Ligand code: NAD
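Form predicted on its own, single chain, as structure tokens, below.
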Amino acid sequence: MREFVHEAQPMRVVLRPGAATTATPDEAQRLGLRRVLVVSGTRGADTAQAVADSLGAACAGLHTGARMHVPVEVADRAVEVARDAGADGCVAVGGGSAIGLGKAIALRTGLPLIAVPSTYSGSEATPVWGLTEHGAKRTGRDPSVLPRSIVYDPELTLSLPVPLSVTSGVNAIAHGVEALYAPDASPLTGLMAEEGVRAMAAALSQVAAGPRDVDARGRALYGAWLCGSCLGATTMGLHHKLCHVLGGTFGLPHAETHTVVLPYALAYNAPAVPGALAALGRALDADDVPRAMWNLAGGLGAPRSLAELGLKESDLTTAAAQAASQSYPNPRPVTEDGALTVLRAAYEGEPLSTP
């Protein structure tokens, strides 16, 4: 018998084409919201405006100030806007930056959050928040930031460029990967993680071949939901810690960083996680899982090295020291030398295989 604890996340999920403007008003009404602030980034402002328009009189305003890694000053401004508008709820429309800003508002104000994702990060399915201050990104968990409803609309992702679709999707896969060897994993998260990785990997290949394929886009959102739910239910390890350091301290782009680092972090942990490797092997139909992950992303045009993302070689030791300085669960002990080994391999971006 395997002992475990599993806590189900209380949320409602809607997935269908056109849902952004048809289901979001229904979800707001179901929650009893009458003055909803819509938040987004500048890139997704047009889509957010369409959602705001669909809310009609229930929309209290549109704020387009979301930024990557949610700087504290950006969160402070959004909270001020929400309070000035007399908002009784928030709708976050866009990628991880917009969802993250919506969570920051929920964390500070307690307002219920509806998420309308336009990428595959999976953040919308988690009670995890993140804020960046003084060059360091800190994260935490709080049930108040978990969206009450998620509205998945495949049509919102049709214009998402293939390179960004790939990196966003691999970002989601990373959640499923680390959930498979998390210390607080359960049989259910294991099933969800394996299915999420399988669904996302297959969908990304189909999206790359046909970016306007609504069905493939929908399957990618399904995979993002499963992998994100695993992130919300378990504790992440070395891979996520490295990416938080690289993003928060050095400003590297979130999804691209996850995509580059994942194969190397997985290779580092591989000797200690045979069960996770077996599940991932089934999901990817591969014997050498880290190499398969490297092939998947790179074969679809994603960046393969941290050097490509703008990291300097001289930054590697600083990043390794930061990653090793904090305690967090990982199947292999994380020393500064171990973290540096992973970072250096990811910096160079060379092919790899599991020992």
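Just so it is clear, the structure is predicted and the values come from calculations on it, not from any experiment. Throughout, we count residues from 1 along the sequence that is shown.
Form predicted together with the ligand: not shown, discussed below.
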Can all three of 95, 121 and 156 be found with a heavy atom no more than 4.5 Å from the ligand in the predicted complex? yes
Is there a heavy atom of residue 137 lying 4.5 Å or less from a heavy atom of the ligand in the predicted complex? yes
Using 4.5 Å between non-hydrogen atoms, is residue 160 touching the ligand in the predicted complex? yes
Any chance residue 291 has a heavy atom within 4.5 Å of the ligand in the predicted complex? no
May I ask you to check whether residue 272 falls inside a 4.5 Å heavy atom distance of the ligand in the predicted complex? no
Tell me, which of 126, 249, 109, 149 has a heavy atom within 4.5 angstroms of the ligand in the predicted complex? 126
In the predicted complex, the residue from 320, 296, 33, 68 with a non-hydrogen atom within 4.5 Å of the ligand is 68
Mind telling me which stretch in 261-269, 68-76, 219-227, 197-205 gets its heavy atoms within 4.5 Å of the ligand in the predicted complex? 68-76
Taking the ligand in the predicted complex, which residues along 70-93 bring a heavy atom to within 4.5 Å of it? none
